[in-house]
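Let's start with one chain on its own, the form predicted on its own, as structure tokens.
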């Protein structure tokens, strides 16, 4: 059972606060935020301060915090916080400080219906709808700048961020195929270990919640039984409770009874070999015992019509480093380099990395004393590739099944590949 729930801004302002049981003193939000600001690195999701259990999630720069003095299951509370975040996003469109401030009456209504005296009650969008009377005030999220090429002028790029209820809701559905890559390369650039964690996430604005048929590519291999290299081969997968999988094994078709709001229709995991989007090569030249030249080359292996956005490469220099200078060996625009002397960390960022191209950077290093090449830290990459599926999993079609009715709702599909842990050893 929860004692309190509140939402804090990145500055520590309390935007939403609800005391369910009255068994804790006021000011626990200040105790939590003070600890969060002083903590080095990421604050653990569960901490105990002054005999109070604090459990939190960080979403969109906001802290969603629950407190209790009782011995509750951490996974239960964190899952409840995740559900509350989803409910707010479903009803307000986006989960940002501005949307919460403009819809605070609606959010208090959601919290009071979802949680009673610290216990979870109705936690689905469908269950809450009859009891929610306030309408959301739409807020456009200026941080969402990526506009998929398939979206026409009739559907703005912020359409997926509209509230579930209110004026101007169209009969449409959005499908996102998210994939996160984990890859480890050896010092010669060969792949040692790799995995893909993916999901098919849907947000439905369909009137009457009609049944859907979603078909995946027919060459999809389940449990890697007899698959060919290059085919999408799933090792593990699971489905939302509203998904009927009777046609999945034979025809790769999912029959979906979509709930209102955002939900994950399918989770999947792929292990083993696949075509990674980037290859990393590095070279070390010892000019003198006190000078090193460290060169990194990164090649994009995907199609030239696609691009990696916000690519960030990080690596550490030896502890005896006294000075660092950078030389960009490629003519790609929007490159930035930075050296943080205290951490001995080099940051190399590329705003837009076109597929099929190559970027290179030479790092000239001066040392106070000789060092081993092993003192150079591993190279890590963070990136996002819009409209690209590294697993080759594709959505063949998405149809609305309504007996006796011929409807043509708007259907939008996009693919997003992101790095989870993309590391090359030196």
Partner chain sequence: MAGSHGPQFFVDNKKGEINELKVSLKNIMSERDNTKRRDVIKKVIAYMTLGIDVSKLFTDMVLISHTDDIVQKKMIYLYLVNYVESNQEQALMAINTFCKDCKRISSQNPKIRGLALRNLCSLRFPGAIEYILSAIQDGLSDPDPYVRKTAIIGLIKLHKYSKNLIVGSSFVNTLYELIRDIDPNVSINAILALNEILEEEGGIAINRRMVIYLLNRINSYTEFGQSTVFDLVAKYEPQAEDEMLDILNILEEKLKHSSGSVVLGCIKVFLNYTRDNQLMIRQVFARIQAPLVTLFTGAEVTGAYEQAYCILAHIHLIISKGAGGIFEGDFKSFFCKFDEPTYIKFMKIDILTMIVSDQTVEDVINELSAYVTDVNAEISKKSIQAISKVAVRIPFACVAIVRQLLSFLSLNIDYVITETLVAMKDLVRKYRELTYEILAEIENSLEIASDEGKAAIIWMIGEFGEEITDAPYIIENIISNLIANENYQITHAVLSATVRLFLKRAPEMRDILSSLYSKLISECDNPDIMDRAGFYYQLLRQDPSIANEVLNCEKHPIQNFLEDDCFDLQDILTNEFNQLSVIYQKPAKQIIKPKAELTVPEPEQVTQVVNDLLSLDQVNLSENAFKIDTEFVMVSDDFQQMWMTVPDCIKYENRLSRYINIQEVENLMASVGINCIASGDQMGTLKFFFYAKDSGSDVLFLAEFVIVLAAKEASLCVKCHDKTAAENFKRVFLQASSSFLQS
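By rigid core we mean the largest C-alpha set that fits within 1.5 Å across both forms. Residue numbers count along the first chain shown, from 1. These figures come from a predicted structure and were not determined experimentally.
There is another form of the same protein, the form predicted in complex with the partner chain; it is not shown, and what comes next is about it.
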34, 47 and 425: each with a heavy atom within 4.5 Å of the partner chain in the predicted bound form?
-> yes
Sole residue of 326, 281, 104, 290 within 4.5 Å of the partner chain in the predicted bound form, by heavy atom = 104
Of 98, 113, 219, 172, which one comes within 4.5 Å of the partner chain in the predicted bound form, counting heavy atoms only?
-> 113
Candidate stretches 352 to 360, 208 to 216, 80 to 88, 297 to 305 - the one whose heavy atoms come within 4.5 Å of the partner chain in the predicted bound form | 80 to 88
is_contact(residue 71, the partner chain) in the predicted bound form, heavy atom dist at most 4.5 Å | yes
Would you please decide whether residue 275 lies within 4.5 angstroms of the partner chain in the predicted bound form, comparing each non-hydrogen atom pair?
-> no
Contact test in the predicted bound form: residue 236 vs the partner chain, heavy atoms, 4.5 Å | yes
Look up in the predicted bound form whether residue 375 has a non-hydrogen atom within 4.5 angstroms of the partner chain, and give yes or no.
-> yes
From first to last in sequence, which residues of 242 to 278 have any non-hydrogen atom within 4.5 angstroms of the partner chain in the predicted bound form?
-> 264, 267, 269, 271
Rigid core fitted, is the C-alpha displacement of residue 349 between the shown form and the other one 2 Å or more?
-> no
After fitting the core, residue 76 CA displacement of 2 Å or more between the shown form and the other one | yes
Superpose on the rigid core, then tell me if the C-alpha of residue 21 is displaced by 2 angstroms or more between the shown form and the other one.
-> yes
